[in-house]
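The chain that follows stands alone, in the form predicted alone, written as structure tokens.
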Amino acid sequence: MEQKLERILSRVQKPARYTGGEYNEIVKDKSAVDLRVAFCFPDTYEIGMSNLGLQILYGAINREPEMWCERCFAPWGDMEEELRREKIPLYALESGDPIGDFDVIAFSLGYEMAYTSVLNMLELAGVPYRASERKELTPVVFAGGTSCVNPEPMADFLDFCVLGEGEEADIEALRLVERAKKEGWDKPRFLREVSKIPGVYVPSLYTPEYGEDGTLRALTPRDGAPERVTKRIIEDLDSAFYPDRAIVPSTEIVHDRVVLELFRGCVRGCRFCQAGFAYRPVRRHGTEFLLEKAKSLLESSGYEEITLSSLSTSDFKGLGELTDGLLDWCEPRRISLSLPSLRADNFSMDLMERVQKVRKSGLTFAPEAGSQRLRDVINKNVTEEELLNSCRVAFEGGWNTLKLYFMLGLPTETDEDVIAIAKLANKVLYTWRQYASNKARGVKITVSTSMFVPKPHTPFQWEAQVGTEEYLRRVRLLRDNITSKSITYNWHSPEVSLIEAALSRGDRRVGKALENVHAAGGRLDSWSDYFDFERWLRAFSDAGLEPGFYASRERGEDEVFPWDVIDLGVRKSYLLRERHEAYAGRVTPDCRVKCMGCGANCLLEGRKCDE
């Protein structure tokens, strides 16, 4: 196969995506391990290698002496053509061995539009993508990641899903595969046993029942499977595995730097944000732990930039102490520090001065909505005064590039709310004119909007998504009200958001639409190069389904959801209460001000909260 690879790599873009051999990759003697794991990321090398979760789990699995975890990424179209032409099966980077020969094929699912790439990668590996057609014990195919909070659209293709954080649960599941191999279990026995591991959902052990109106009536477990599967969390992050060494990619990637995770979860409770609810409760790393890891990762990789990662970086307690400690080490070495996910309500001159000590980059704030009324509806807890004050601080400090992110189609949104985005952008521009320390450089303000996608396990999981034509009407309304040449307006495709919403809130029947898309050539659908809206519409239609049934239909408050079998710790009754608070325009304080009893803290005590 090596000779074939050498021949085809000269014919593809970015061959370094497919060669492996990176500095700090982990190579073992395959004859000395009992279990081989292919960690598959259903997107390109540049995206996957930027994923912190991949780096953590890759290291955690490889820390087990009897296991060898290797990486595999979705090939770009040119490489896929060559693989098919030369009949080369999809292979792992470390060994070059076909992933179909591995004991376990594990996928990271962080985004619904990656689903078709899962099917395509399995096909390229020569592995049946339908779980029912994989009769032998191995390869076991499973997935984890944020999208698994509703695993039903992928139920026909996965042997099991790991819900929540995988540092411990993945290892437990892999050890069970190892035991099953040694003891000669068949597939059904393994699936029954793996379903007993806390945090593991086995789709084939649940039977869906649908009503005449097409809605889900029940998802009934059998063979001892639990009625609800509770996600796994790591209570003490400092005690869990975190890499000391980062794989240095062979080619430029999206986030070409060291990424340092500050904490998991979020105290804010924005009602649209799935991650904010899915990763509760908040747990943080210690400052000394972070400083030690940062130095090890930078020294072992040669990177010249480090970024602090979390859902809301500026909410990290002790951020000043941490940035001071990092800069004391980074400044003499000309290593820059970046702080994404900053909040507009706690951005300070002190923080700004720390950020720009080595290298100054653009700033990004996400008000999400233009009017205070709508920000209260979504519980954003950011006022116009706070945003403009943060902009003033940035402009006084010399920044002249600012990005503002908003959503269109939020629940209760009116035309006045849409126009308020343009008015707010103009106020930001006026703030620059008043306070900029260097007006000669000019200013670039970018306003970006995306189409609101109602997500499972959020207070807005009952909402209807606006139609694509209505979204575009609101885009035109906003565009017509942005008149300054200093303000650039970008908007995201509503067609992608419609399909994302349908997959996000879909049930098991959506799997047939995924098969149809794949059969028609669908893969890498998160890329505009490959996404084909008409192909998706045909695929749903041929499956006897309509995307709008899942995306554009307001759900009844007593409706059974496909994801009700998944327990993330946050009570459904709490989410419903938050929905009612949204329509009343009332804000909910963040977790630091008052515990509102969502239920997630009960996970820390090792027990489930009652409804």
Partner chain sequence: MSRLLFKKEGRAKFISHLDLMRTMQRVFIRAGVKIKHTEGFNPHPYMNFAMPLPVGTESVCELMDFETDAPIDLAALPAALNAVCPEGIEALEAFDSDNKFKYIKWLDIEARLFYYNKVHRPEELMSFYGAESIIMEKRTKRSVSQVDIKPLFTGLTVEAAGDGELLLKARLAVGEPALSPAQLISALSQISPELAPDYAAFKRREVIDKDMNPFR
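Keep in mind it's a predicted model, so treat the numbers as computed, not measured. Numbering follows the first chain given and starts at 1.
Although not depicted, the form predicted in complex with the partner chain is the subject of the following passage.
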Practice prompt. Taking 4.5 Å between heavy atoms as the contact cutoff, choose which of Glu94, Asp315, Glu368, Asp507 touches the partner chain in the predicted bound form.
Written response: Glu94
Practice prompt. Would you mind picking the one in Gly409, Pro75, Gly522, Pro249 that has a heavy atom within 4.5 Å of the partner chain in the predicted bound form?
Written response: Pro249
Worksheet item: Using heavy atoms and a 4.5 Å limit, would one call Glu193 a contact residue for the partner chain in the predicted bound form?
Response: no
Discussion item. Even though the partner isn't displayed, in the predicted bound form is Arg334 close enough to the partner chain, meaning a heavy atom within 4.5 Å?
Written reply: yes
Discussion item. I'd like to know whether Ser301 contacts the partner chain in the predicted bound form, with contact meaning heavy atoms within 4.5 angstroms.
Written reply: yes
Worksheet item: Does Ala16 reach the partner chain in the predicted bound form if we count a contact as any heavy atom within 4.5 Å?
Response: yes
Discussion item. So if I measure heavy atom distances to the partner chain in the predicted bound form, which of the stretches 221-229, 251-259, 443-451, 160-168 falls within 4.5 Å?
Written reply: 251-259
